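A lone chain, given as structure tokens: the form predicted alone.
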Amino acid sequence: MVLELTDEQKIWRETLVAFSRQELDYDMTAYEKGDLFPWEAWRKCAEMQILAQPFPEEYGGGGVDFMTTMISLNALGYACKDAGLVHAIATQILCGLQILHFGSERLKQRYLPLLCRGEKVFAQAITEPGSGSDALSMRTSATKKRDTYILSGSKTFITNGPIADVVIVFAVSDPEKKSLGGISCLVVEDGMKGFEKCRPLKKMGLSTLQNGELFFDNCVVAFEQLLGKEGQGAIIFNESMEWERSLLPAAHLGTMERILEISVTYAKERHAFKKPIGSYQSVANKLSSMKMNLELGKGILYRCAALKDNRKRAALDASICKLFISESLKQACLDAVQIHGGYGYMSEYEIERDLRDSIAATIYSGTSELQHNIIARFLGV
């Protein structure tokens, strides 16, 4: 298994870095204050076909492999300061992969072209007020009635939820079977009677990312909107987590690289007691740890991509990837603030925003504690 980028992939990453620095370098201040979504930036990313990358050309996609898709997220994480936008893009791609691999031909034809062009915003609804890490203990129900499902319940913390045009909803279709064979996925469109979206929730970080609650009050969904087979929700969920726990860490690794470069530059230029602060072991150790974690993160990230491109399961690898890279990002941001001292704590230097954003990385897509549990299960304990 060769864990190295091709020349084409390296060139594509450089292209996206240049694109991000030129087209996505907007002032975040106003967006953060108003928790606003950067629609213009979203459209520019769609025009660059970033949203379309892993999907077949027949649906308007770019037809590239999963590794190249992850490289795109990595480039955005490195060169785009808006982590909320990058997360929204990752969610859009994730929803598309669910439709591509589990949807009927009708669903693919209906939704993938819209998704690839960014004309419709997609979300997946799993988390509920009473079920976070224990996602499959959800209570939202999908009761079959003739050729329809009656969807009732609520979801919370849903990424892209307040602005979503299409939502992939996980719900209990057979309470007797519980999670194994008892959960199904329905593709719900904005405007369906009984479906309500709420305003975005206020957050510590990722201010531009739109997270909110979704409510389903006897929402009637046609049977043909079923994603996969009835009762296949747990299978779709597990496969989806492998993609998600690779796509988001790819962006995090890009942010880590940027944080390291900024910190190294500052450590060389900033002097204390007539010496660059980087010459002091306490600072140098923080920088060397960032570099070590960055390189180790690349190894597990590329391994996940290689496994998925070879149509192999990557549950263990994806959990290791998500856990290691998210925790490494959080630590890198903490160390960067410490290295910059008072300047690191100031909004002007923007490092404090990276720190706030990084906290969420250890929570969404399964907390660090949950990833430890998953890894332990693979060890048989």
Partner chain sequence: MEKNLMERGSEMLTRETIRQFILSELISDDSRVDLTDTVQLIDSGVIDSFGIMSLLGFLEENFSIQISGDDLVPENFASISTISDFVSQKSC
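Note that this is a predicted model, so its numbers are computed, not measured. Residue numbers count along the first chain shown, from 1.
Only in words, not in the display: the form predicted in complex with the partner chain, which the text now covers.
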Taking the shortest heavy atom distance, is Gly194 within 4.5 Å of the partner chain in the predicted bound form?
no
Are any of the heavy atoms in Thr127 no more than 4.5 Å from a heavy atom of the partner chain in the predicted bound form?
no
Is Ile235 close to the partner chain in the predicted bound form, meaning a heavy atom pair under 4.5 Å apart or at it?
yes
Taking heavy atoms only, is Leu136 within 4.5 angstroms of the partner chain in the predicted bound form?
yes
Option touching the partner chain, based on a heavy atom within 4.5 Å in the predicted bound form, out of His101, Arg117, Arg110, Arg258:
His101
Has each of Gly181, Ala315 and Ile374 got a heavy atom lying within 4.5 angstroms of the partner chain in the predicted bound form?
yes
Partner-proximal stretch of 158-166, 75-83, 286-294, 238-246 relative to the partner chain in the predicted bound form, 4.5 angstroms, heavy atom:
238-246
Going by heavy atoms, what in 353-381 lies within 4.5 angstroms of the partner chain in the predicted bound form?
Leu370, Ile374, Arg377, Phe378, Gly380
